[in-house]
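Here we start with a single chain on its own, the form predicted on its own, put down as structure tokens.
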């Protein structure tokens, strides 16, 4: 019998903010442990919350072999890899002090807004080890600020965000950026002229989600992906490189998948210079459909590995948004909730809050509008580029630009 263990520990200290005031402080320290046993091509799993002894987890996992779940795949073996990104440290008292200082600044200088949500310090440890010599560990710690802002005169539920996430926190840099951002709300502007305008977003979540569905090896193989049958075709703008990224320094997630696979250089390109070259797979999907195995297994700590989504990211392909715009003004879509892609690749999204900017500085606030496009245009002729995020907001995030059809 072969055995495998997964342990996840999340520690979080959070200052809950309501109406620009600290409402409560919460501390969480949660351990989740899972076990797997492998016998004669079958897998049994178990799990529990809390620091449960390994033998109890194994006993339950052995009982669950009776469910007869097939798992005829070789386990990862003979690899020790521990990565530690947890240099950041902030006590609960320091967190409260920093939060109070930020809220005092907001109340004093930006009283046209109410701010709510939370400011946190987070720590995470994820370990995976098995009887075949696998021993993986990811440790991390970071500061996270996420405040919803609402204008006092607005009927909206919210009108924007103050956000920061990173393994350090510099208050001066935070205010240097957010001062111009908040003051732009006072300058109400009309949308620029034109039916198609440059629109920038931080982390294009709807696009990433659609590509996750489209590049899933099982979906691709059964014909339900928009990309089915198009492997090795030049489909997109030749600047684009996109694929699996398990670099913990960038993702704030473990560098291994749910089967303990560690990728060479932590990456597998799926779109290379615009060419569609691969789909992502776990061991089962790779074996079933005779595809390359890319180490993309997902699952819960107490579940069987499966293929759902994976960590996909665009590589930076452009520098300096201002020079790329070459004198044009662009739209930064700040709040866009309710957008989505249809199965044929058409995209539409209402933009509830947006700012006009020149590639460096925000100029003013724009009215609500809807933006439309489709996958082929967004990643083809209307693709502007993927840039390192120039804002002091989300560490290691990307900003992307596309020409979008604007519905006023």
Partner chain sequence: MFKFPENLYVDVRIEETFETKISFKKMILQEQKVRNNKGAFVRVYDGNRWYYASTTDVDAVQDQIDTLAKMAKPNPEINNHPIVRQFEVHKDQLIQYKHNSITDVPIAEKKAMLERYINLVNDETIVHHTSYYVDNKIIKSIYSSKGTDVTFDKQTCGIRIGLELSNGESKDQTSMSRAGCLFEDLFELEDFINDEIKKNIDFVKHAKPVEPGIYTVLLSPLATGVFTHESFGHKSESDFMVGDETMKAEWAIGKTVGTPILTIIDDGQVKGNGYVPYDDEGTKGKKTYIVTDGVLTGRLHSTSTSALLEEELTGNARATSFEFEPIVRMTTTYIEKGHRPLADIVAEIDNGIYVDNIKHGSGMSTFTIAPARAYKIENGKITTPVKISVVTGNVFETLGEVDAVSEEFDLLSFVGGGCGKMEQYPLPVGFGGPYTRVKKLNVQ
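Positions refer to the first chain, counted from 1. Being a predicted model, the structure only gives us computed values, none of them experimental.
Keep in mind that the form predicted together with the partner chain is not shown, yet the notes after this line are about it.
Consider the chain as shown here, without its partner, and state which of 79, 231, 249, 157 has a heavy atom within 4.5 Å of the partner chain in the model of the complex. None of the other options qualify; the answer is 157.
Though the partner chain is not shown, can you say which of 225, 212, 165, 324 has a heavy atom within 4.5 Å of it in the model of the complex? Of the listed residues, the single hit is 225.
Decide yes or no: are 64, 96 and 340 jointly within 4.5 Å of the partner chain in the model of the complex, with each residue judged by its heavy atoms? Spot residues vs the partner chain: full contact, yes.
Based on heavy atom distances of at most 4.5 Å to the partner chain in the model of the complex, which listed stretch, 256-264, 145-153, 190-198, 324-332, is the contact stretch? Among the listed stretches, the partner-contacting one is 145-153.
Taking heavy atoms and a 4.5 Å cut-off, does residue 29 contact the partner chain in the model of the complex? Yes.
Could you tell me if residue 38 has a non-hydrogen atom within 4.5 Å of the partner chain in the model of the complex? Contact with the partner chain, no.
Using a 4.5 angstroms cut-off on non-hydrogen atoms, would residue 177 count as touching the partner chain in the model of the complex? Residue 177: no, not in contact with the partner chain in the model of the complex.
Does any part of residue 22 reach within 4.5 Å of the partner chain in the model of the complex? Heavy atoms only, please. Result yes; residue 22 sits at the interface with the partner chain in the model of the complex.
Residues in 368-387 close to the partner chain in the model of the complex, defined by a heavy atom within 4.5 Å, in order: Those in contact are 368, 370, 372.
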